[in-house]
Each structure stands twice: as structure tokens, then as C-alpha cells.
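As C-alpha cells, one chain now follows by itself in the form predicted on its own.
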Amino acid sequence: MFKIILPALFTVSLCFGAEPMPMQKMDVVQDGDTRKSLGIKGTMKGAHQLSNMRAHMTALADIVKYMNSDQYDEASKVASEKLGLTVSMNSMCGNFGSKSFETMGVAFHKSADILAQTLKTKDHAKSMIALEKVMNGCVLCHSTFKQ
């Protein structure tokens, strides 16, 4: 399974039909880091945002786990409930005063809703494509923004 997923980590494509582009390297070092700051470093808002990002990663891991066990309904439920565009998620995306962050976040959560619907079909190949789009949203956002 990871042989299929890992190549998806090396390209970035937007959910709306854009061509894939090379993933930007995300340096740990701050020198030369050209990502846009959301201005939330060291605040409670920052801790909350980190918690949300970690929850997203856990949800992705759970989706992969369920797909590996042919439990597509469970994977769909996680995609919808943990990653989908809920009222709460929509509100959080607009909470940082960055229109580009909000647009990217909403696109990510919408791609998770598409993933949830695709998983219901139990079509593994189509589900992998939808999962790739969700993960590419993560990569694009994290290579564009920092706290």
C-alpha cells in the first residue's frame, strides 16, 4: 500500500484540475524559509492549530488503515467527520486573516468530502486518486504557510 501512496507525496496538485507541480522542499531551518507566516507562533491559537494539524494526520493514517482492511465505509466516515468541510472547519480556515490560507483550507476540506464520497464506492483506484488530492492539499499548504 505504501508503494502506492508514497509517490503521491512527491507531487502537488490542486483539487480543481490544476496540473501537478513539484513538491516544494520544507526546510526545518528558518533561514531561507519563504513560507508565509500566519503570525500565530507561540500563542494558544498556534497550539490549537498544531493540534488540528496532528488530528488531520491521524485521520489520514486511519483512512489508510481502513482502506488496507477493505473497510471503506469506516474510511469514508473518518474522511467526512474528521477532515470534511464542517461549519467548524470552515470557520477555522477563515480565522487567520489570510484569504489565501482560507481558500487553500476550504479546498482541502472539500477534497476530503470528495474522498468520503469516493470511498463509499469501494473503488480502490478511484479512492487512491481522491486520497492523493487530499494529501497534496496538506503538502501545498505546509509548503506555503508556517505558523
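This is a predicted model, so every value here is computed, not measured. Just count from 1 along the sequence shown to find any residue number.
Same protein, other form: the form predicted in complex with a small molecule, not shown, and the subject of what follows.
In the predicted bound form, the small molecule sits within 4.5 Å of a heavy atom of Leu60. A residue is said to contact a partner when one of its heavy atoms sits within 4.5 Å of a partner heavy atom; Lys99 fails this definition for the small molecule in the predicted bound form, lying far away.
Contact between Lys110 and the small molecule in the predicted bound form is not found at the 4.5 Å heavy atom cutoff. In the predicted bound form, the small molecule lies within 4.5 Å of some heavy atom of Gly105.
Only one of Lys120, Arg35, Lys45, Lys65 lies close to the small molecule in the predicted bound form, with a heavy atom inside 4.5 Å, and it is Arg35.
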